[in-house]
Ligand SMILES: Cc1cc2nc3c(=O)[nH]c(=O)nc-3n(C[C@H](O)[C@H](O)[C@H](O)COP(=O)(O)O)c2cc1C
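Have a look below at one chain only, the form predicted on its own, in structure tokens format.
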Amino acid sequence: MNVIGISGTPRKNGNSEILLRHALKPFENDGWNVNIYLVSELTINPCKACDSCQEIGSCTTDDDMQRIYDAFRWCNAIVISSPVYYRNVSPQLLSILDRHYAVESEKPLAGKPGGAIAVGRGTSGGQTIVINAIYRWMLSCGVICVPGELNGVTAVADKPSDILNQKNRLDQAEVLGSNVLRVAKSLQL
């Protein structure tokens, strides 16, 4: 079984990436193949709205998004994390979400479970908006949205590695991962 994690933070080892890694631990412990895609290491250009993908069946932009398309097809589950950028997902993650349009007719994520994680600077930093944005995108792709204890995982953190001092948030990320794993296993029966 295969799971992908997409970290939407441009900061290497950012707080949302750390939570994502904790969410993927249950999959690792269960022997799943785990692939993590870090926008901090990828070049993903925004959608040009050229509609070439609808005419020829594939995106004409040559960048790392081709790897993400393959991952969408390969995975049995998906977890996405993002820092909050002006009450939205990071622009790097938004490019990935928008570029899914090129494979929309293929529906590579339909029927697969997924979870969402958002980290913002303050208590009204837009985490709920980001969780909703990720889950709305997932719903539009046919993903089965799986909650943690309540919705996705939200956290307040600013400086790099702040989240490591919040055991409850790290635990909540693992709860989210365990819930996504449980749904994925139930779908394989």
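Predicted model only: the values in this text are computed from it and were never measured. Each residue number is its position in the shown sequence, starting from 1.
Unshown form predicted together with this ligand; subsequent notes refer to it.
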Site check 11, 122 and 158: each within 4.5 Å of this ligand in the predicted bound form by heavy atom: yes
Is residue 73 one of the residues lying within 4.5 Å of this ligand in the predicted bound form, judged by heavy atom distances? no
Answer yes if any heavy atom of residue 15 is within 4.5 Å of a heavy atom of this ligand in the predicted bound form; otherwise answer no. yes
Is residue 87 close enough to this ligand in the predicted bound form to count, meaning some heavy atom within 4.5 Å? yes
Looking at heavy atoms inside 4.5 Å, which stretch does this ligand contact in the predicted bound form, given the options 122-130, 142-150, 36-44, 59-67? 122-130
